[in-house]
Each structure stands twice: as C-alpha cells, then as structure tokens.
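So this first bit is one chain, no partners, the form predicted on its own, shown in structure tokens.
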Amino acid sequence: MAPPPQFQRSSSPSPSQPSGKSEISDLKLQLRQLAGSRAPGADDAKRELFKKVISHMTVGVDVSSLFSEMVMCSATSDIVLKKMCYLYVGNYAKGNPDLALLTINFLQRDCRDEDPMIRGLALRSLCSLRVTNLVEYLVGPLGSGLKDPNAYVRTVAAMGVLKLYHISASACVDADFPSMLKRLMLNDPDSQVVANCLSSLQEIWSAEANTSEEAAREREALLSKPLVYHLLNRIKEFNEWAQCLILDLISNYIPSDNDEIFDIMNLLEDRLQHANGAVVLGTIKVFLHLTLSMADVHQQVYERIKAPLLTLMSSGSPEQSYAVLSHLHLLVMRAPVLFSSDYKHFYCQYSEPSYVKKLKLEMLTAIANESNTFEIVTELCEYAANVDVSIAREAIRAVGKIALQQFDVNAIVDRLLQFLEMEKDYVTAETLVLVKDLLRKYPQWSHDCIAVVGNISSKNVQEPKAKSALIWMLGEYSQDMPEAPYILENLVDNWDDEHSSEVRLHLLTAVMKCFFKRPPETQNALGAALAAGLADFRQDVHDRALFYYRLLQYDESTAERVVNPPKQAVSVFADTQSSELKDRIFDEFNSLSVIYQKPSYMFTGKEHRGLTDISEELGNLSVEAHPAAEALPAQIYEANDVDLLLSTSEKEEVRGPVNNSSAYRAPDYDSTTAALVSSQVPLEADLSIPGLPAYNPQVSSAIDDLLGLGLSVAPTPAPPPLALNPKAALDPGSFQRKWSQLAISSSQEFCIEPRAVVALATPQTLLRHMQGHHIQCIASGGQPPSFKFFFYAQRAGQPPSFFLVECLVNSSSARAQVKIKADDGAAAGDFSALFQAALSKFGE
C-alpha cells in the first residue's frame, strides 16, 4: 500500500525558505496524520517531514508549535527518526518547560529499549533537557544507565551525572552518584567509561571541595599513587582525548622519590612518538614538571623532547605548527643554548602564514650566539626584502636585537647601514630606530653611523618613531653633523605639519642639545621651537617647552647640565616580560596561556577583561543625572546665557566647546574679589627654586631677546587717559541687544607675549587679570589653541557709555583679534589702546 498522496508532494517550498504560518500548519497536519501509522513507507515520509522541521529550526523559524506532533511521531524503531526527534526536543525543552514534560514518558520508555544505541541516545537527551522541575525523572534512568551492560550507555550515563550535578547538585549528591562513578572508574573494563568517570569526578569534587571536607579528600585521592599507576598502566587503551585528561592529572602528581619519577617517565616514553600533538605536549608537560627539582635530568629532558617537538612543528596544519611553535618558543626562552644548533629548523618558508614567520623570527633572535650569528643574520637580511612588509620589519628588528646581544656587532652594524641604502620607507624607518638603540649601547660606532644617517633627508622619514630616532641623533651628535642645526630648523618651521607628540617632544630636546653645542646656528630654531611648544595644546609638549624655557630663564649652565649631561652607554635594555610572568606561563604549559604568552588570570579574571567582555555588566550601571540646582553657578550661567550673547553663526562656532566639559567659563568675580586673590596668590615668576639663582626679569628679557621670543611682539602702548567704572554691571540680555544694534568701532590684530601664551594654559587667569583692569567678562568658550572671550566695560563719569569687546586668542600663533563696539564711537580708540595695554601685561 502506497503512502497517502499528500506525503508525496513535489511542489512544496524549499526547507531553507519557509513560506510562513501556512507551511507550519501544513507540517502539523501531516505529522498528525502520520502519528501512530505503521503503514509501509510511513517512516520514510516521517523522515522527510522531520528534515523539514529541523531545517526550519536551524534557520531560526519557530516550530515549537509542532512539539506535540513530533513527540507522537517518535514512537518508532527507526534510529534516524529518534535522533532528529531528540535534537528537536533538546532545542525547545529549556525554553518551554511545560512542553518538556510531554517528553518524559517516551524518553523514559526509550531508556529501557532493547537497542543499546537508543537507550544511550534517550538517556543523553533526557539529561540534556536541563529543566529543574524534571530532576526527579533523571535519577532513575541515570542509576540504571550506570549499571547498564552496554559500555556506550555507561559512557553516556557517566557524563549525564555531571549534567545532573549542574542542574541540581543536591539531587546528584543525595543519589550517591559520585561514589558510583568512583567504583566504575576503578573497575570498569571500558576505557571510555573510565575517562568519562574521571572527567565528571574531577569537576564535581572540585566544585564540592569548597563546602565539603569529604569532597576535598576525594579530590586529593584522585592524585593517589594506586590510581595514578592504574591509569598509567592502561593509558594505551584510551583515545587521544582521554590520554590528555590523564596526562593533565599526572602533571599535578608529586612522586615520593626519584625512582618513582623515572618509573613514570619510562611508562610515558612512547607517548612522545604519538601522532597526536596534544598527547605529545601533555607528555612533555609531565616530564618537565616532574624533573624541575633535578637540574641535570631536566636538561636531558629538554634534549629528549626537542626532536618530537621539531617533528610536530614541521608537520600538520599551520595552526598546529603555531601551537607547537608557541611551546617551543617558551622552552627556547628558558634554555636557548640547547636549541642553538637547530637554528635552521626556524628558517621561514615562503608558504607559511605571517603569524608563524613572526614567531620563528623571535626564536632565531633568542638562539643566536657566537657560533651561528653570521648564518642567522644572513638569513634575516634576506627577509628584509620580503614582500610582506610586516615580516620585513620584524626581520630588521631581529637583526638589531641580535646586535644588542653583543654578537658580531661589527658585521651587523655594516648590514644595518646597508639597509639605509635600500631606499624603502619602511626599511629606513625600522633601521633608524635600531641605529639609535645601537648608538645608545655602542657610542664608539657613532662616526660610522652618523656618516650614513646624515645623508638621509628628514622629508623621506614619515613614521613618528623613525623621525624621533633621526631627531635624537641630530641632537645627540650635532657636533659631528654639519647640517644638523639647519635640518632641525627646517623641522621647527614645519611644526604645525607634524601631528605626533613624540616627534615634537624629541624635537624640543634635540634643539636644546644642539643649542648648547652650536649656539649661533641654533639660536633662532630654539626660540621658534620654544614658542611653538609653549603654544601647543598637548599638555606634555607644552610642559616640556615651559620647563626648558624656565631653565634658560634661571641659569644657562644649569640648563645644559640637565638637558645635555655626559651619558653612559646603556648596558641592558628592559625586558618586556618579567621573569615571574614567564614562570607562571611555564607552570601552565600545554594551555592557552602559552599561545597568548600571558598567564591565565590575565585573560580570565574580570579585572583584566576588556570593555567588550564586560559590556553587559556595564550596561546594567546607570549614570545619575544631577539636577540643575546642584550645578555650580558658573555652569548654570553659561548653559543659560551663552547662546544669548552670540549671533547665529557665532552660536554654531562656539556651541561645540561650550558643551564640552573642557570649555572655560567665566566666574562671577567682582573687582574686590579679584584684588584679594591677586594679593594672596603670588605670580609664578616670584617663586624660587632651591639651588637655582633667583628669578631676574632682566635675565628673562635677555633670554627672550636672544632667542627671538619677543621680537614679533608689539611695544606696550602707554595707557590713555580713560577711566573705567570699577563696578560696571551689564546683564546678558542687554549685552546681546547692544551687540546686535551697535556697529564695529574698532577692529585690530596684534601679537601677545610668550609669557601670556604660557599663562593662557589656564584661561581663568586672563579673566581675573582683565577684571583687575575693570574690564569684565560676560562669556567665554573654546579649547586649545583657540579661545573666545566677550568683555564689557563702562566709562566712569558722564555720559556712562559701554564698551563691548569680542576677543579671539590663538595660543598656537600667539595672536589676538579684537572687535570693539561702543556707545560713544569717538572713545573707542582710547578704549582699544587701554584694552591692548591691559592684555600686554597679562602673564607678568
């Protein structure tokens, strides 16, 4: 009898492209019709329908509405149908615990099936439901499974106990399953059952050891001598996964004497020839940990494990090679001499991926010594022309590292200088950095290196680290490089084109060094560099320029001792990884710690995780908003009124800085407060430094003249006879109306003093300074190097006319633009001169 025609439809949609609820309803109807059918071909029809259901489920279509029909159709002896049904049930049981209850009867029935494969599959599916309310239904089948005559069922049951423990630890312990697992582990003839029992017991007793002394004793019993030898004697029966599990257990075992160590190593000797890399690495870990206290034997272990590791490295996939290389790298760092004769194994092959090549280059660097340096450096120099730029860079760095190890320095320096003639930007950049380090360690090579470096144009060096290295050499050896002052001067002239703080810092220092060695040629460059550095919006650049400027103000000889002292050669460069970290990584041999080259706590502990890993935790935090009443008066003032003071175009210009937390705000000071503050806070120039001469304004002026820092500043005009009201008041609304109604009476641009640029690092000081001259600030904004201020003042006497000022200050160019509007246009000129005079005294 043929199956019903509705189950032979050929025009149905593709399973990967469900047509919606209509197809789900169609599937439900067909499944219901086939439920309980024993007609010939019914199982084949069920298979096709089950495949469609599983396909829909895989692409994310919700087919949970078919739960009842799928369970009803599971009453069959077809194992393929059983597998698909178990897969479906396991997927939807956790999210639908009420529906999962429907599966208990047929799963328990299948756990008693005659076919051991079905018993095992049913037990695995039953334990995979992970529904707390169904725990009571798991205990019986699990107990029967642990006593099942078939090894496959016992294997599944051993892992099922662990699943039960994670669902309900108390139910697992109360049923005495750990004891049953222990008996199975010691007595079961099947190796896979033993392995599963061991894995489950390790996890259960490790978790229970924190609360139960008995569990702690049982966990220690896993490392007892009888159990360890029991597992070692049967290790050949286990598969690769189980062997790795046993080897990891044995690596924590502490033998009672040296004879026991040799017995264990003899039993595991043949595991070093295993085809599986994980087994080989696990065996090596055991050997290394057992012999840590035996120095001679430990060295022999290195010799013994070298050949298996080199064989594994050269065979298999690139991923396996990288994993083995990472472990070899760790061993090479601990005992480079033992691998020095095998350096050719670490030569790079053209077809290898870059991550493997990079690791090999690090190992070549580590094993270089007097006997093999020439061959290794020759090979590395070939890689410098590699099409892979990253590998070429690493090869050049490796050559430099070998030179820093004091092996064949003469030949290596010559090869590095030849790299500079290759006329490749990245080669030149990496070589310059290495030449700088070499000169720090071997100053005697300065003449040979400087002769070549002096021919390099700074325009051809764009990378910040390389340009910094070149600038360092120009400053350190300016007496040997005729063009050094002029190259530095050109770099200072292009200050604004250089965006790297590192380069600007090195440039400031190099110009200072060159000034003390060749003052006439560097005088102008130093003045320009200090002016640019003082106006720099980067805090570290500004601070260093200010530091140098003040050193020169106080005493030139002291400045020279600080900036350009006699230097000693660097003997040892700092290691990027401490010995303690390396020991921690070695303790975690054969784990991800070796691949990541960091201890496990650094990538598993919460405090070391990145923002991406803890984004969910951060998402639960709330930021409490502060009400306006709790804000500072100045903040409320600016938030409410600053937009009222500006025109539409000006609002767009200032709104960004105003909303920025770094914008500067005008505090509500009056003239008496300003006078009190100025009387209590001494100027920076009045401070004295122990051990240095007292500050002398005449010396400061001489330094400014010498370096050209004051040449571009307009002379201070004499204050005109215009008196201002010290208690002038103007509200923001009136200021805005006047500003929109009045025409510009005066507009000018002028330079400001370098000391004013320095003081402008804290714009609030300018507001206090101007208030001391009876000129009030009503709004301010901006961020370095551009600032915008709105001032107002009132003429004393009659008529009491107002002056409104817009002042734009650029600390980078040391210039100020001033627009003045006045009720009395005839007096605008006098006020402009008074305003400029007040601004010229800022910073004194």
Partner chain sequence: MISQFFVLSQRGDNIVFRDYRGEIQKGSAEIFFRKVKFWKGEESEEAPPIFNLDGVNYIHVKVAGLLFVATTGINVSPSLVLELLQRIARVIKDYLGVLNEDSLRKNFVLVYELLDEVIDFGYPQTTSTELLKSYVFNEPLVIDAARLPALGPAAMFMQGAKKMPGTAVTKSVIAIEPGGRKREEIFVDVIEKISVTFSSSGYILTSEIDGTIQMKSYLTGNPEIRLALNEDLSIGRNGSSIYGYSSSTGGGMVILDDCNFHESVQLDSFEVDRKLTLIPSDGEFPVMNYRMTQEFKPPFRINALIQEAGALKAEVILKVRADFPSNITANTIMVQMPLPSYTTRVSFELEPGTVGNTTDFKEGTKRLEWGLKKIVGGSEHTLRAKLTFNQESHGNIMREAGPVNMTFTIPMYNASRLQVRYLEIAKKSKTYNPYRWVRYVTQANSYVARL
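Residue numbers count along the first chain shown, from 1. Because the structure is a prediction, the values reported are computed rather than measured.
Below, we refer to the form predicted together with its partner chain, which is not included among the displayed structures.
Novice: Using heavy atoms and a 4.5 Å limit, would one call Lys344 a contact residue for its partner chain in the predicted complex?
Specialist: Yes, Lys344 lies within 4.5 Å of its partner chain in the predicted complex.
Novice: Give a yes or no for Leu162: in the predicted complex, does one of its heavy atoms lie within 4.5 Å of a heavy atom belonging to its partner chain?
Specialist: It does: once its partner chain is placed as it appears in the predicted complex, Leu162 has a heavy atom within 4.5 Å of it.
Novice: Might Ser351 be said to contact its partner chain in the predicted complex, defining contact as any heavy atom within 4.5 Å?
Specialist: Yes, Ser351 sits close enough to its partner chain in the predicted complex that at least one of its heavy atoms falls within 4.5 Å.
Novice: Find out whether any non-hydrogen atom of Glu560 is located within 4.5 angstroms of its partner chain in the predicted complex, and reply yes or no.
Specialist: No, Glu560 sits far enough from its partner chain in the predicted complex that none of its heavy atoms falls within 4.5 Å.
Novice: Find the only residue in Ala761, Cys381, Ala335, Ala728 having a heavy atom within 4.5 Å of its partner chain in the predicted complex.
Specialist: Going through each option in turn, the one that passes is Cys381.
Novice: So which of His542, Arg550, Lys436, Arg393 reaches within 4.5 angstroms of its partner chain in the predicted complex, heavy atom to heavy atom?
Specialist: The residue in contact is Arg393.
Novice: Given that the partner is absent here, state which listed stretch (730 to 738, 177 to 185, 240 to 248, 98 to 106) has heavy atoms within 4.5 Å of its partner chain in the predicted complex.
Specialist: One stretch meets the cut-off, namely 240 to 248.
Novice: Taking its partner chain in the predicted complex, which residues along 274 to 289 bring a heavy atom to within 4.5 Å of it?
Specialist: Stretch hits, in order: His274, Ala275, Asn276, Gly277, Ala278, Leu281.
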